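Quick heads-up: it's one chain on its own, the form predicted alone, in structure tokens.
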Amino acid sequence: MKHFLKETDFARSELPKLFALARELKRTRGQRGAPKPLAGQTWAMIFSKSSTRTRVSFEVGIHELGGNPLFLNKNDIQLGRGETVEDTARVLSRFVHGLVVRTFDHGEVERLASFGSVPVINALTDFLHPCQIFTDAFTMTERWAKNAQTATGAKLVESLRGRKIAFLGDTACNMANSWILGANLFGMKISLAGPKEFAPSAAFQAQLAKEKFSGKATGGDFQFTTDPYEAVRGADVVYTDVWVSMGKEEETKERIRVMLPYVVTGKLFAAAKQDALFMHCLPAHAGEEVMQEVLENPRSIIFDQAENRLHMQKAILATLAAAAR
């Protein structure tokens, strides 16, 4: 059974077909006669965390692919009252054709995949956010691939190779983890800048060691620095995320204090390449991790990212559904 729990659940060789499919689904959206690969299927969406982009894009995407999205708040089902993840996986597998899960503990999605018999998609955990990273990479190819609307899938993916992304702020968060995995998968360079106490974690270093990447002995190739200007030097993309993720609210004051040097200001953004893009997975807190002038910069493509969640996730859904047949 094929699942999408982390970036490397798709091999490099599978990326061209996936990216080409996302582009085709975007191009043909709303057209009569569009394929319905989820026709007759119901996909359950188990959400333990609140969401705007993830919930709406998955519900709309499942519907547009011909399926029925079934939203399940964790507190509305027995999982929220003590039923085990393992039993939930076994039961739901008898009813639905796939699971989309947004939760805190990454181990939960792994156990759902291990004990169920339907595809599982990680729609975000505290450890990784693979749907966002694949979406972001697809969004970059729209800007960088020559003749992006007609290029082969291989050419789309090739446009990422050698590009540099700078990630600023909490570099131990799920987005930073996922971008390290994604950058290595896509053949990109990544430089992360943040306070030393928020460097990529030992747990993530252990995960990297399990992945099969070219690069350093740890398994993944990345640079960490406490100097934001060093990180953005030569960057094709400047990327940040909120400093206080869900579940970390009690750390708000301290996080804001120590991460203040990593605000993406107009000056910091200007230190990257002249044509660098600004990206943020949203929601953004203007005046904290990024200034409003950067959010409104013509090279800010944050809303392209948001839109493309729909198209890339539809491609992932269709691919997993086909593999499960």
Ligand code: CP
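These numbers were taken from a predicted model, which means no experiment stands behind them. For every residue, the number given is its place in the sequence shown, counted from 1.
What follows is about the form predicted together with the named molecule, which we do not show.
Using a 4.5 angstroms limit between non-hydrogen atoms, residue 52 touches the named molecule in the predicted complex. The named molecule in the predicted complex is not approached by residue 163, whose heavy atoms all lie more than 4.5 angstroms from it. Taking the partner from the other structure, the named molecule in the predicted complex has no heavy atom within 4.5 Å of any heavy atom of residue 314. Proximity of residue 102 to the named molecule in the predicted complex: non-hydrogen atoms within 4.5 Å are present.
Not one of 41, 44 and 97 is positioned with any heavy atom within 4.5 Å of the named molecule in the predicted complex.
Segments offered: 264 to 272, 280 to 288, 61 to 69, 33 to 41. Contacting the named molecule in the predicted complex at heavy atom distances within 4.5 Å is 280 to 288.
Screening 132, 184, 177, 122 for any heavy atom within 4.5 Å of the named molecule in the predicted complex leaves a single hit, 132.
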